[in-house]
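Just the one chain here, laid out as structure tokens, in the form predicted alone.
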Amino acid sequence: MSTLRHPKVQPQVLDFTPYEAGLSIEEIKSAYNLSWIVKLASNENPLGISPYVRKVVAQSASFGFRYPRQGNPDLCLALADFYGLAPENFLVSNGSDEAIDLLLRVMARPGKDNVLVFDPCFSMYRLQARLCGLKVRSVPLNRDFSFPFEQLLKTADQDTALVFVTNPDNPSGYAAPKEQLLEVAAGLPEDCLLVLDEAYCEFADAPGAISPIRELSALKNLVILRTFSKLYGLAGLRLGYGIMPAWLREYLLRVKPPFSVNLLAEQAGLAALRDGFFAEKTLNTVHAGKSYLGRELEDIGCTVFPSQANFLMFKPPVPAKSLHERLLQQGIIIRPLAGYGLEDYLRVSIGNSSENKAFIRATRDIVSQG
């Protein structure tokens, strides 16, 4: 990385390092001379993309020369029908990252306000907050990776603009009940937003028990972020959305780039909402795969943490770094968690049946060899 310092570059950028997404499939193939790869590192949909969505995207490709409609009103209306809310409660975004960035830019004052997160957390909360000139405060998770909400509320003050909570959390998979989240929303300082990142909520055993989406219309300080990347398999198209009070959406639309969500992504999202069969099949695959992986990992001697998401965090009986590297040599990619400060832990996404079995077979062999 270049060490040059341009005098006009914002000083906080000098300490940043690029987001590390891990090696790609092609890079792993080249590095280890492999022809076959199992990727279980990025919490992607184990079934890929819906055949119906593929058909709709292909049919829409001829309109790629047209700009999409500003604000994506068709998708907002479809989401409103899907959740039983008003279209004015939805902001469609280029992945959840854009919504996070807009919230920070619009609702926090640089050099004065702070943002509150748990530690560890999704790195984009910190990175985008710091880029916006905001202070970041963090509260360590409990030892069992549950949320210390009492300490969180004590840490918030009148200059706390936003509080980010990922529920279910990444990388642990822990999820707090919605009653606790509603108490947090009520206990925050006036004008402070509670932003719930629910990227994995659909995979929970009972999503309605952990998401306060039904109570959103009664609250003025609650924002819920969701994505089409996981359940609907559209990670490569970058499509997310925020669910929020209408007054907040109106502010964000004032500064949101008008065409940040491309036409094909919007059409894919509309099609995905109509394809309930694929969503149900994905959920069944994930729940069955998670049960299988949990049992097998425990039988191997791993400590496996309960998860309400489409992944499992575990502590292997051998060094995590060694297990990760030896799996890579066999073409199996899982996620090391050293970047979260959890050097002894690993995270594995739920794959399809053959992928799950290949991972378990390789892991069992490696552990047995010591």
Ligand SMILES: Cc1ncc(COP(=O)(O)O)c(C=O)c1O
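The structure presented is a predicted model; accordingly, all values stated were derived computationally and were not measured. Residue numbers run from 1 along the displayed sequence.
The same protein has a further form, the form predicted in complex with this ligand, not shown here; the description that follows concerns it.
Look at 280-288, 191-199, 177-185, 156-164: in the predicted complex, residues with non-hydrogen atoms within 4.5 angstroms of this ligand sit in 191-199.
Using a 4.5 Å heavy atom cutoff, 170, 227 and 230 all lie near this ligand in the predicted complex. Though this ligand is absent from this view, in the predicted complex it lies within 4.5 Å of a heavy atom of just one residue from 89, 96, 72, 211, which is 96. Checked against this ligand in the predicted complex, the residues 83, 145, 122, 149 give one hit for a heavy atom within 4.5 Å, which is 122. Taking the partner from elsewhere, residue 126 is found to have every heavy atom lying beyond 4.5 Å of this ligand in the predicted complex. Within 4.5 Å of some heavy atom of this ligand in the predicted complex lies at least one heavy atom of residue 238.
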